[in-house]
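Below: one protein chain in two forms, given as structure tokens, structure 1 then structure 2.
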Structure 1
Amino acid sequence: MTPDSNPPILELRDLTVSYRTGGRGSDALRGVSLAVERGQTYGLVGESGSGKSTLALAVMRYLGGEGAVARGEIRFDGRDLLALSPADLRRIWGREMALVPQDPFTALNPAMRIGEQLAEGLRLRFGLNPAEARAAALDALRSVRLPDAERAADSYPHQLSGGQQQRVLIALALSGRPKLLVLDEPTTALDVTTEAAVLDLVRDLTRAAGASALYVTHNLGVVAGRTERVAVLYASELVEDAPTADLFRQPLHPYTRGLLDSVPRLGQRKDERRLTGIDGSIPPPGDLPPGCVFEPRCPLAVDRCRAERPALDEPLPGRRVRCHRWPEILSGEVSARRELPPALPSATESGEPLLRLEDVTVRYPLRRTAAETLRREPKKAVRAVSGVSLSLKQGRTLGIVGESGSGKTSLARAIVGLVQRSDGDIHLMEVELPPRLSQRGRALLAQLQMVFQNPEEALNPYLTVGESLSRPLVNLLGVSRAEARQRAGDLLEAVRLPRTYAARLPAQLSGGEKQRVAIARAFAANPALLLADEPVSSLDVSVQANILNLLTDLQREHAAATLFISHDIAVVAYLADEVAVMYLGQLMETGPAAALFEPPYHPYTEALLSAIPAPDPTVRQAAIRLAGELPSAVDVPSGCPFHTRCPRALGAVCETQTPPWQTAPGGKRIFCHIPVEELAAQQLPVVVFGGEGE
């Protein structure tokens, strides 16, 4: 497709980037070579610490003060980028290559109107006069489908939502009509439905402009459906590079294999096939192993891997891999795929519910301004959760899915008592839970424990792991201090950590290890109900699977019920027995996890499912994209809260009347005005599985 006379738009040859920190240099990238052809969309996948962000910045030749290219070559559009003067670079930046940065909240100047932030570059690049530049800026904003370009142009960044800000940044990057677009985790800060819309937009616009794109991301799902080639980075090195479909179908590097097996395929369930994950954690850039960088974690490592660094070989045309054992992997003699026995099925649905919520509502009152008090306006409140009723039986897992602002975390916090519910009843084992934490006795506290999202702040950094683990034993179970120390060691073993870790401080643990300790602490007092609030979403993909497995096993051993909260519908579908979907503080749909992917769906669930970034290029998804922005939780829309964005809204009835709960086949319950039969008739399965079956 590409004639040889036409050089790639971007070519890296043996690129090595070093950072100097505290007098010592360490390589953030080691000998990376790759080529992005003209018009190609190239994915670059890596976990944190892989060097992927360094690569994105190095391609722009915008490394900070400490980073420098130590060796190698960057050729952009046939030119040697490293030989360019700063003035030449400024001519290329924005004009020939542009960056879409990771965090839209901080990437725009907070004190400048959006229009001017776009126009200043246009005036400079194309010599436009102010009026022309303004018109061009408005065009750019329209091209990224911002509904009211005029208003957006006159806004300051803080007046826009995250998704809108990211669109502005895309408009900014594309406004110079660059030949290469570098996207550094462009959607990581966004919700799933927004992410899908933004990714579609980038695909359409780069295609229309004939530009090339380099997608840098940690998310396999993002590259699967949208790139032509994918390179995998691990610990500063490029370990595999292949056409996207080939990579997902037949990964040749054990690390790639491990990554793919760490995330649930759509529809994968824990009692059918377990996630396997990769043991250990990524080595720090200053301390790479002498042989293959992946050797310490590799299930196929042999002596040679410890001693000798593998070269980047080309086993098949267009495929490259950095592994000593690729011939055996290619021929099928060995496989890096690990099999774990599937999880035992959850306890059957019998007996009284362990946890029962009735009409639980959480409101955070807002203070009135002086003017509002004078006008005697009623007090406003953020309605984080409104009227949620749920029940959960012993030993089972209920997954709650929702985007940010859906109220899922508030609901969990109301159950454990970290926030007070404003209304409704919560019963645990038929005992009513008092709203305030201080009204709950120790026996009650012991029954309800929580695992939090961010492992970095899960443990008190000033207490040793042993101290952290023995506190709940002493407080809640009344165990003596000496015995608590002993049992802290047992708890560590239960979460597959060595007993010697008891003496460590959290700073000496990796993120995954911290989360293991946090889980051990939550199970210490043998709770009847565990609430897990996004317990793996801050962790690297390869670590997530092991934590999920651990949660499953411990839950089984303790016969505890779990309320699992996540924005990741694939993970919830994998782990949970039942699923509840939340939007703007209300439940939209509940039902068995096994039926989640089967129509009929609530229209919101339908949109969520279609937006999942599936880590599988063979999966076909309908493109249902939500219009508009999430309404404010202060002024929740009347009637059905979803009516402002619902693609299937019926009209007046949705706007004024609260929808009924309808029962659908498969045990689902749907909160919608559209009759279930009609939904079933209109809806096709959103996700069609291809290739490797379940």
Structure 2
Amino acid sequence: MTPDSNPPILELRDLTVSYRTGGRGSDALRGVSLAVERGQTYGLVGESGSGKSTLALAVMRYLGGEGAVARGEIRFDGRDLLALSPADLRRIWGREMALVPQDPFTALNPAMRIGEQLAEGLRLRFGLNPAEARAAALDALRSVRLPDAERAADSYPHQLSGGQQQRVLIALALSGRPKLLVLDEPTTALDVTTEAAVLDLVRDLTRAAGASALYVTHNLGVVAGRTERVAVLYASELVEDAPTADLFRQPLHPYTRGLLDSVPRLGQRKDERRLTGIDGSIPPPGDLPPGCVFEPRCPLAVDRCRAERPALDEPLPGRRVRCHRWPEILSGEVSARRELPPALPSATESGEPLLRLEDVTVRYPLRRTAAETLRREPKKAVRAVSGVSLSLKQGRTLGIVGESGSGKTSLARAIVGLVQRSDGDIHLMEVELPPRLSQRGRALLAQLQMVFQNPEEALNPYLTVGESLSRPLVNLLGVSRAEARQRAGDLLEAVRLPRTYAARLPAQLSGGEKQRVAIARAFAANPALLLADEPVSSLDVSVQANILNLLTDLQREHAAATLFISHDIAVVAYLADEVAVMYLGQLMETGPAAALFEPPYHPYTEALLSAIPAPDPTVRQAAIRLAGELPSAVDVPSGCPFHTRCPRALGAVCETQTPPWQTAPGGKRIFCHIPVEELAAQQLPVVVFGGEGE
């Protein structure tokens, strides 16, 4: 047999990867075969624990001391990577294949300036002298569109924003002009505008270099808009592999269908259709079912699925699926869509606002440097929130969106009392909330509860779930410990967890289960107001869907108001009744969520909407990208705070004068100098909705 003259840039053949823990081995990847063609961007999706990152690290031959390839082949550019020596691998890393990891801050050396980190790699790879390496490092930083390459090169990692750090990692990865770029969740921690800019950058640079990319992510919107082909992993196995458009139009595996149905579609509303998350969780490697690994969670499982492991079939040219029932799914005889009860309409507005904010301001004073003290310069402060006025009625949800640094979390913490507001008034049920948490009595504390982003940090690791749920009942409501234990079981059932979970420690729960416990604890005291700060951003899409449905159900049962903070506009638009858009601590736009996707928009809202990665290849979006970084909250621009990045800025009036609040159609209010009529004439819908597949 003659060798292929133009083989795929990357080919995995029956790849199995094992890790040894506690003296025992377990497979983190089992029998995976796939091929990335030259110039192709290949997406790899699946829930946490599916094996995505293991595959990426195996491709890079970077599994660590406990991991090893137990079986199979990894071929890169026609060569067997597993047969290469460490010295040979070092010659390939950076030059021919490169990795962009998820967390830029841990990937960069905190004690070395950015320019030197780039120059060091260039010297080693290409034998450049220091001056040549410095010049090449600056060119690399300019190629990723950092606005001031010289300043960035002379900075330490902590002096750059998250988006800038991620651009540096991309510059590091592409500086060797690799043939293959492996990206492991590179935009998970970024807000939508930064994510869009980074994804545009990767697309443009890989196209220009003719490079291939393996993109590991749980974000189906990223996959839909940025890849040509997608592989779906579940419980360490490849369950589906198809061209992106075909996979989204008609998935053939029930797991893929479940993932797609879990994501809120742009414009989808909770009072129109519930989300369809996947119940259950991925089985641990040592406790796999005897037949199909997805059978315990599959809505189409039959006896054959429980007894016999399905083969990886090719139902159509270029498509592969591991499911006994794909012929029936392909023909339309059966559907893996889960049937859910119809959504209930949102609560109607009535009565006085339950929460009322008037000109709320939060400032964080900064210490003066010695030089500033000698020059007698005035003290500076971070203006995190500036003059925000909002109201929220009982049973309603107010969503707050904006980039990182827009003031969303500071506003929530001022409401709950975790930071002290500098000015303004906050009333809850017509009672003024004291600025400090210590000034609020138990009755007020019981009426206002918060769910945080990271459930790992929200739960005491040394308390059982039952103890965590009992404490607010005992401390805030004064019930007996015996009654609190009984109610803790009721709370677990309310968040769809067994009562037996009361005896478990947080370490024995999955991420989604921990967040359910945190939500149950927040509702324990039957609060009037729930503040949810990015409560689903760290969760898989299937778990996210279940949590959003749960929040909707509990809010209706308790008639509570919810302040929901997120940078995911699709999630906010799905869950919220009203939406407020923040930028640099100030409100830019407010209005009903139903009108969010209809122009006219504030130019900042327009840019946010255009940056949403839509989980549908048929959706068409305008590409509006904001120039530059978010200005410092210490020195907020005069006039309109958005004028330094606004693509529609009018000039001097935006730079020097505070914009007026204008009323727009659909109940919106827009903080902008441009007349609403002109915005309406200039703007088209940012998102043109497509179909929903099967």
Partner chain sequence: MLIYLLRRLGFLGLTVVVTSLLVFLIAQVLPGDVCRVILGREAGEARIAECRADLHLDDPAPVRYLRWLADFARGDWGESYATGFEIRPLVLDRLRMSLMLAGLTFVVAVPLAVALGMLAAVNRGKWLDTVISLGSLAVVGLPEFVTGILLIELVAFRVPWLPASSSLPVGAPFRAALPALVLPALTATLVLLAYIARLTRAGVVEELKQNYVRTAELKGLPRLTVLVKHVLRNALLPTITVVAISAGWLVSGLVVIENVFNYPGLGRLLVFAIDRRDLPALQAIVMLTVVAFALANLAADLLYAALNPRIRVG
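Small disclaimer: the values here were computed from a predicted structure and weren't measured. Take the two forms, superpose them, and find the largest set of C-alpha atoms that agree within 1.5 Å; that set is the rigid core. By convention here, residues take numbers in order along the sequence of structure 1, the first being 1.
As summarised for this chain, the first structure is the form predicted in complex with the partner chain, and the second is not. Pro434 shows a C-alpha shift below 2 Å between structures 1 and 2 [criterion: core-superposed Cα displacement of 2 Å]. Superposition of the core reveals a Cα shift of less than 2 Å for Ala559 between structures 1 and 2.
After superposing the rigid core, the Cα of Ala149 is displaced by 2 Å or more between structures 1 and 2. We note a C-alpha movement of 2.5 Å at Leu81 between structures 1 and 2, with the rigid core held in register. On rigid-core superposition between structures 1 and 2, the C-alpha of Arg123 is found to move 5.5 angstrom.
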